[in-house]
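Shown here is one chain on its own, the form predicted on its own, set out as structure tokens.
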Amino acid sequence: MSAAADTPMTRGEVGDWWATGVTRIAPGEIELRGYPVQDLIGRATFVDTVWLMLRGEFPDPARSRLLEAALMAAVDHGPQAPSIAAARMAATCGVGLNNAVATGVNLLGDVHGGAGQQCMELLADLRARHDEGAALDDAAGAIVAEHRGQGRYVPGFGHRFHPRDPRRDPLLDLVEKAVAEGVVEGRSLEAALALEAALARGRTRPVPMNIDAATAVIYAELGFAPELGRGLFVLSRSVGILAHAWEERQSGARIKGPLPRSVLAGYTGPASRTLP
């Protein structure tokens, strides 16, 4: 056994094991980023507190409104969303509400729930190419060509259900207003619009931004890291997951599977046969 293993840890060393700059607690005291919680209650909004916890300071009102709009817009997309459907199924299986919500949240990965982060990374790539001297439209066209050549979707564009995502325009209108007022730079908005135009070239039908790209623009304009963009989406969609899990729990239904009982899954295996 090493000498270090034989040396007892001091109270300070133990306390530093989970040292944090986010929260300080002591008997009768709770501080979030240095602010006593009793001073925040009733004065700080939930959205402002999200920003404070992630960024260390409060946003100004204009940035707070942008963040709130993005979080609100992605709250839900109905039971056809796998995360919502899974939470509803879980709620009928006798698990607690927290388990049902966790079931839904745990389905939010790279394919379902990850496009926002991926789009933020793509916007950063496009901005970098532009900074290196490439024309924005040319760089956008090159990125689209690269994705098509690899048989990949451009994340954040097009929607399997909506010809034009109804959340796109109001969110981008808010960003355009924020740009005009000098709240944000607008570079991520320009990059996203350039990608949208590049995707439309040579097509009879456009491929407009969906909720993932629209919120990616906002989160990028507000300075959030791409991985935090995914985290914010999870935070937002958790509200819808909770609402659906609670609704299904109130129905009293038991063990609802993915298909109604009257519908059986198609079978593609061997015909019925006798054991030799």
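Basically, rigid core = biggest C-alpha set you can superpose within 1.5 Å across the two forms. Predicted model, so just to flag it, every value in this text is computed and none were measured. Note that residue numbering follows the sequence shown and begins at 1.
Beyond the structure shown, there is the form predicted in complex with another copy of the chain, which is absent from this document and is the topic of what follows.
Only one listed stretch (138 to 146, 122 to 130, 198 to 206, 69 to 77) carries heavy atoms within 4.5 Å of another copy of the chain in the model of the complex, and that stretch is 69 to 77. With a 4.5 Å cutoff on heavy atoms, P36 counts as touching another copy of the chain in the model of the complex. Proximity of R88 to another copy of the chain in the model of the complex: non-hydrogen atoms within 4.5 Å are present.
Put simply, S236 is close to another copy of the chain in the model of the complex: some heavy atom of it is within 4.5 Å. Using a 4.5 angstroms threshold between heavy atoms, E181 stays clear of another copy of the chain in the model of the complex. Taking another copy of the chain as it sits in the model of the complex, the stretch 242 to 257 comes within 4.5 angstroms of it through a non-hydrogen atom at L242, A243, H244, W246, E247, R249, R254, I255, K256, G257. The Cα position of I25 differs by less than 2 Å between the shown form and the other one after fitting on the rigid core.
Positional change of A265 between the shown form and the other one reaches 2 Å or more at the C-alpha, relative to the superposed core.
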